[in-house]
Structures are given as C-alpha cells and as structure tokens.
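Have a look below at one chain only, the form predicted on its own, in structure tokens format.
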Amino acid sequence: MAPTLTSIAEIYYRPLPDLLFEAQRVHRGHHDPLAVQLCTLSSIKTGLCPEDCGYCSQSVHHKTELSPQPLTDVETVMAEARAAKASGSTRFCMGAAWREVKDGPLFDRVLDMVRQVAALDLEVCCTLGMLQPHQAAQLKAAGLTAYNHNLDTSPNYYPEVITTRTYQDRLDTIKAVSSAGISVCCGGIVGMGESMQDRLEFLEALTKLDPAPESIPINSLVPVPGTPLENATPIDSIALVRMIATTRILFPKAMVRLSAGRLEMSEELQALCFLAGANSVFTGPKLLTTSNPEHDHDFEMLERFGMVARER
C-alpha cells in the first residue's frame, strides 16, 4: 500500500537529526554508504522543443541564448560515451529536446546510439519525450537500461509550469516504459515556486507508480534567463536535504540522484545530501544545457569525504 500524504509529511517534518538518522539507517540497509554512482548526461539534440516547460532553455516558446543543434551523429556521441567511461561514469544518459519520439531515421539513429553505448558496458539511459509502447519495446531490444521521464512536480502545480503536455501524458509514457521491462528513472524539480504541500504531493505521486522507480533524480532549479522561472527563489538548503532524506526513506532500493543545481551548492550541502541518502550525481561540464561540476572536482570532493565513485 502506498504511503499516505499524512505519513509522508510526518517523515518530512521529523526533527532533522532524527530524519537524517533514519535516512542513513535505510540507506545503509540497501546501499554502500560510501559509494556514489557517477553519471554523464549528453544533449544529443538541443533546442526548438515545442513544449513550454517554464524551467527549460530549450523551449521554442522562450527567448534564451541557446543555439539549437540537430540530432548528433553516432560517432560524436560514442566519443562522449567513451570519455565518460574513462572519467569514471558508469551510466551514460542521452537527452533529446523532442516532445515525443517519432518513428523514422532519427529514432533509428538513437537506437543505434543505444546499441553502441551498451556495448561499452555502460548503463544506458535516454530521455526523449513521450513514448509509444512499440517504441519502448524497440529501445529495450537495443539494450536500453533506463528511461527518464520526470513528473517534475505535484499534479496540482504542474499546469502552472507546463501547459503543452498533461500529467497523464507523463504517466502514460512511464507505463509504456515499465511495461517494456525498462527501468524507470523518474523524479522532479524543486525551487520552481511550488509550495511545501506541492513537494509532498509530488512525492506521493512517485509512491503511486507501479513498479516504483529505480532511479529518482532530485533537481534544484537552475534559473535560465529568458524562461518564465528566471526569477524563481532558490530552494532552502535544509528543505532540499529533507526532500532527499524523505525520498530515501520512501524508496529504500532506488538510486537517489542529486542532479541539477550542484554548481550552486556548497560541498557542505552536498555532504548533507549524501548523508541523507543521495548516492548518485551527474558529472561533467554540462547537464544538458546548464553548467555542472567537472569530473576532477567531483573526485576531489569525494576523496575529501572519504567516499568513492561506485564501480558498476
């Protein structure tokens, strides 16, 4: 039975020492508390997306300084994947700024990318927009490990951020992915002007997914000039830690990924997030189109913490 909104709130609002203690206890019961998975996210098709997501620099509706780029060729992506593996990443994610996947030569090229990245013995994840069941089956056959499709926020706040795609559209794609036997990567973004109630309802929505997501990215909004959320107030750091800890307790077996926004986080805050149960980060100079800490910085940080990059 999925947790109730009341029980989720009771977890979130525990005294911080008690919350962190419980999150760490759960974390140690299912994961190596000293190991962090390093992932790399590559933008394989950038910009001109017809969606109007209020946080995104890639939307055709927003006037940002982003330069659109067509779908990358396979060899360029493979060079990035090999470099990511050499830098310690064990998961390579490919993102295309599409509203939905369309059958044809471009999707065939993505399938080829998936096959070749999988041959490097890397976990392979894609985020390509909405999927039909037969497309999910093709990705599975090509060797895709996971598909990312975030809920972003609560069902109630969602229309304040996005109007071109419904919450149910997202749930339908997640169902197609899980039905194909692909692991679901599904999380959200905090700091978009949502209320605390919205954050709790977002977590509740995640708990209703069946099967539960094996990968949950928690993103802190990186405000982009020219987007509707360019002046959003950053999330309070302790609120972020509470979100990570509550996610860990609700999803003991999942990889909880400390995702966008790390460049604006102190190392002390990141340490608290690891203590709260985060066990994965995206590393490398870019997270799709926003700046991100470099590999060397992350290795140095983990070494100071006495932690290590997880081996696959």
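Residue indices: 1-based, along the sequence shown. In this text, all values refer to a predicted model and were calculated from it rather than measured experimentally.
There is another form of this protein, the form predicted together with S-adenosylmethionine (SAM), and it is not shown here; the text below is about that form.
Listed residues Q135, T145, N219, S89 were compared with S-adenosylmethionine (SAM) in the predicted complex; N219 is the one with a heavy atom within 4.5 Å. Between the options S178, T72, T207, T127, the residue in contact with S-adenosylmethionine (SAM) in the predicted complex by a heavy atom within 4.5 angstroms is T127. Interface membership of R199, defined by any non-hydrogen atom within 4.5 Å of S-adenosylmethionine (SAM) in the predicted complex, is ruled out. None of the heavy atoms of F251 is located within 4.5 Å of S-adenosylmethionine (SAM) in the predicted complex. Not displayed here, S-adenosylmethionine (SAM) is kept clear of S154 by more than 4.5 Å at the level of heavy atoms in the predicted complex.
Put simply, W98 is close to S-adenosylmethionine (SAM) in the predicted complex: some heavy atom of it is within 4.5 Å. Residues placing heavy atoms within 4.5 Å of S-adenosylmethionine (SAM) in the predicted complex fall in a single listed stretch, namely 222 to 230, out of 236 to 244, 222 to 230, 110 to 118, 77 to 85.
The putative spot formed by H27, F274 and A309 is not touched by S-adenosylmethionine (SAM) in the predicted complex; no residue has a non-hydrogen atom within 4.5 angstroms of it.
Residues of 242 to 260 placing a heavy atom within 4.5 Å of S-adenosylmethionine (SAM) in the predicted complex: A260 alone.
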